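Below you'll find only one chain, the form predicted on its own, shown as structure tokens.
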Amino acid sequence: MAHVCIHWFRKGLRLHDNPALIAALKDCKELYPVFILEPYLHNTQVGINRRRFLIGALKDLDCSLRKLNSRLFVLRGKPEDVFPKLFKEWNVTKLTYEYDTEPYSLNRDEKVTSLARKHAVEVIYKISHTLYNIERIMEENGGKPPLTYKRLQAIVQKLGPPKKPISAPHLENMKDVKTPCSKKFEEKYGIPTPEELGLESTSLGEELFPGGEQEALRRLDEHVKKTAWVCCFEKPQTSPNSLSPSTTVLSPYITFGCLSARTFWWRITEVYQGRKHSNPPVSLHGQLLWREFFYTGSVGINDFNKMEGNPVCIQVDWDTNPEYLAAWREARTGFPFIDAIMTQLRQEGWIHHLARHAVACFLTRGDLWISWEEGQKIFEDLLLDGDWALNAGNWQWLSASAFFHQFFRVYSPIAFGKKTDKNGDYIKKYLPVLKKFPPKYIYEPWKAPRSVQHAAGCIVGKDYPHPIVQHEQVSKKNIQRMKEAYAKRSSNSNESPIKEQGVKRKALSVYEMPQKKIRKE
């Protein structure tokens, strides 16, 4: 039977290593590559950099499809409202998509799958957003997610290397496949404009990380050419405040699916062949396994992005302080290192992982004692690589609520930045109001004599805020508060959170949906 097929692009915004797209082309006479611009993507709370990146990724995808005599159809609305109309209008018989483990996505996909069944549409989904089938990892761990990286490593070692990526479709694959492309379609299903997504050119800075598969592959090629750098790469040894990124910055491309994680893995493997190289957890392979670790946790742990109801998360009596939270988000804490990082985040949509450590610790257990859930929301809006699972997992880690339990190790908002940038060049770049301060005072401008402040053209308390807390005092107090939260956890549980190896999962997955008319090949 020759099918009329919709391939539904969501995160996997690429042609390479896209098994669901290849499945769409099998026995296909008409192909409709579709992206649905859901209402939340119009939300101005979603950072401007994320919205701009998405537009770039969609343009690039459309361009690649047109080279195959196809095109991208961008629709607007909720998938459960859009698809029934498409099934009828286009006489669709098959729907394919890449499997997504986020709770929102599972819920959405269940609705669409149910509607497809009612319209006699066959559904095929494929796993290609993660290195492994997450369910398989949990099966190997007795049906629960591993709660330590070492345990995950042991499991994936047993499973063997990830599947090799598959090639992008080419014209030969498309010779018997047609995509209807009328002038009416051009007008109705076009790529969203910046104006449609609420982007004003005046509010946009330089686009340092343009969206799209071609840019992702170009950057990957650029990095793997540096064989010595790839082999010696150790994440903790990179700098949080270098003026240009000291890591690959491929994470946004993996988050949006412009770059396949498996493609990245195997390109690194090629570089490693016959050479001495670093190893997980600090190597580039190690970074991809961290991603897998948090994805597995997000699937197997109930309420993964919340404190309450999350069985692995320490229950902490965080403060509610809107003024502190706003000061942190808006780079007004009075600590230049923290404010420079938050400024870079807002302007560029990306910050180094150690910079994330510094500002996350500062917001939570280090200084402001505000819940990690609040920081998680802000990062989700502002980060180009704001991945739901990684964001939630890392915030729990950095607030010492789960996975990491050495709560007494607190990042100094002053000393930490000095280690790799004594002159404060990073601060001067992102906080130009402080650029004339001498290195002696750049991290603590409030300590500068009045004459120095005048000479720098910046009076603390007028041109730049005083620190909103006294770090030495509040950090000691907060360590004590964390100690009490841990003691309470221990008294309520027979096991410490460090010893727990996992929790039985209850979360719904596509695997538990009614399987009629769904085929995973």
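All values reported here derive from a predicted model rather than from experimental measurement. Numbers follow the displayed sequence, beginning with 1.
A second form of this protein, the form predicted together with the DNA, is not displayed here; the remarks below concern that form.
- Within 4.5 Å of some heavy atom of the DNA in the predicted bound form lies at least one heavy atom of Pro236.
- Taking the partner from the other structure, the DNA in the predicted bound form has no heavy atom within 4.5 Å of any heavy atom of Tyr32.
- Not displayed here, the DNA is approached by Ala415 to within 4.5 Å at the level of heavy atoms in the predicted bound form.
- By the criterion of a heavy atom within 4.5 Å, Tyr411 is counted among the residues contacting the DNA in the predicted bound form.
- The contact residue chosen from Phe407, Phe209, Tyr441, Trp318 relative to the DNA in the predicted bound form is Phe407, the criterion being a non-hydrogen atom within 4.5 angstroms.
- With the partner removed from view, the residue among Leu354, Val271, Ile124, Val299 that has a non-hydrogen atom within 4.5 Å of the DNA in the predicted bound form turns out to be Leu354.
- Taking the partner from elsewhere, no residue among Leu37, Arg136 and Thr263 has a non-hydrogen atom within 4.5 angstroms of the DNA in the predicted bound form.
- Heavy atoms within 4.5 Å of the DNA in the predicted bound form map, among the stretches 65-73, 454-462, 22-30, 475-483, onto 475-483 alone.
- Residues Gln287, Trp290 are the members of 283-303 with a non-hydrogen atom no more than 4.5 angstroms from the DNA in the predicted bound form.
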